[in-house]
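Next up: just one chain, as structure tokens, the form predicted alone.
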Amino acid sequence: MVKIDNLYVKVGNFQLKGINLRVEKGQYCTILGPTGSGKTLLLESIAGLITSEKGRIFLNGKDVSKAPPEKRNIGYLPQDYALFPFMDVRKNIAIGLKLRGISEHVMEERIGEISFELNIGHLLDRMPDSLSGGEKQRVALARALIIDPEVLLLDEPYSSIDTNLKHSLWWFIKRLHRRIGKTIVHITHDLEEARILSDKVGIIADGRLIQEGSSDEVFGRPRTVKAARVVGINNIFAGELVAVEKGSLLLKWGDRRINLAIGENDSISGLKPGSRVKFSIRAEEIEIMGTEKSGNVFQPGKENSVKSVVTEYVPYGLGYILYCNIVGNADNDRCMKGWNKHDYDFEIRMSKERFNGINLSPDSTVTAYFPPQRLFLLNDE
């Protein structure tokens, strides 16, 4: 278990500010954030490589805030793997045990066990410069795990590996985590990586932890504009609150009325009719109800339906992204362009099958439907 309590760390002009985080024993926690947000600094602070100004770090209930790295029983896998070029793989793996004074007999036994576990026994006599990226990654992982750490820290371990190998290594580390049950804190900027591997996700921006929770919660309902941006959501809007009804908000959005179902974590205290409200929806959750060819383009008065023009579409994975502009009253706040910096109002993502089924072409007019239960509130942070 890792518990961080009100942590402040300053390096140069940058500072981690008031970080509070709890990762349960055996949990896989991924930390997301833009470049320069403080992800690596947080990991180095947990490892004891950076001294904090204020706050405390606990590992399995023990305060290690002032303990040196070697006393924290942490396995650390840095981004560049940091293998010693003048040592063969066997000696690289064993370095942590050697520093702890472990006997040669026990050391060889442990090297054999971890090499079998990670399928690197055939690499033991090779030098690091003869290894592939994936082989280096597994050797560095073996070095981190051989000391039987309480916590494993991973600093963007797959960032320099090609896509096919990266996917293979994701599944390798996921299966390994299930077998060994270690607590893992892993920083990355790769959204797919975080979604696949994580039990828990934290988001850092400007040195602050702005959201944490289950992977489904953080990716599905980010709470702030910054958090939405980090998890890849581009549909960010602003409207005016008309009324608070049982379990929902009624919003004026351009010339449309939008009904938004209130989530259990949504804070609506202080909201009153006339308040400006920011809200969002994932691009996968917007539905197309009709097109020009279907004869069911626009349904006047129907809440949450928006007449739109598909200005462009592009392949994305096994599906498509549709870029749409709203037809109607040009309310400057209908789409938060100050955050988006896009020349479209919203985007829709759909499968290839669905795309082919509605037979779209550029400049098609469609009815886009925003399901109330899929919309969520955002605050300004």
Partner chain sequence: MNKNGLFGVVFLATLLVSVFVFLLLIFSIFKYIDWYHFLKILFSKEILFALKLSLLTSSVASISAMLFALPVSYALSRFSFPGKDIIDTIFDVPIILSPIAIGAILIIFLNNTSIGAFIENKLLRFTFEIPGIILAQFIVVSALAIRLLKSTFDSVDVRYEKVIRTLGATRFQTLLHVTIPMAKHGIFAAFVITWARAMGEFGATVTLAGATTMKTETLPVAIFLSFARADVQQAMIVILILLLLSVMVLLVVRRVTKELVAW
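Remember, predicted model here, so these are calculated numbers, not experimental data. Residue numbers count along the first chain shown, from 1.
Keep in mind that the form predicted together with the partner chain is missing from the display, and what follows is about it.
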property	result
Of 80, 255, 108, 303, the one that lies within 4.5 Å of the partner chain in the predicted bound form (heavy atoms)	80
Selected contact from 180, 271, 87, 196, since only one has a non-hydrogen atom within 4.5 angstroms of the partner chain in the predicted bound form	87
All of 223, 260 and 375 within 4.5 Å of the partner chain in the predicted bound form, heavy atom check	no
The partner chain in the predicted bound form: contacting segment from 96-104, 180-188, 239-247, 112-120, heavy atom within 4.5 Å	96-104
The partner chain contact in the predicted bound form: residue 47, any heavy atom under 4.5 Å	yes
Residue 158, heavy atom within 4.5 angstroms of the partner chain in the predicted bound form	no
Residue 230, heavy atom within 4.5 angstroms of the partner chain in the predicted bound form	no
Touches the partner chain in the predicted bound form: residue 74 (any heavy atom, 4.5 Å)	yes
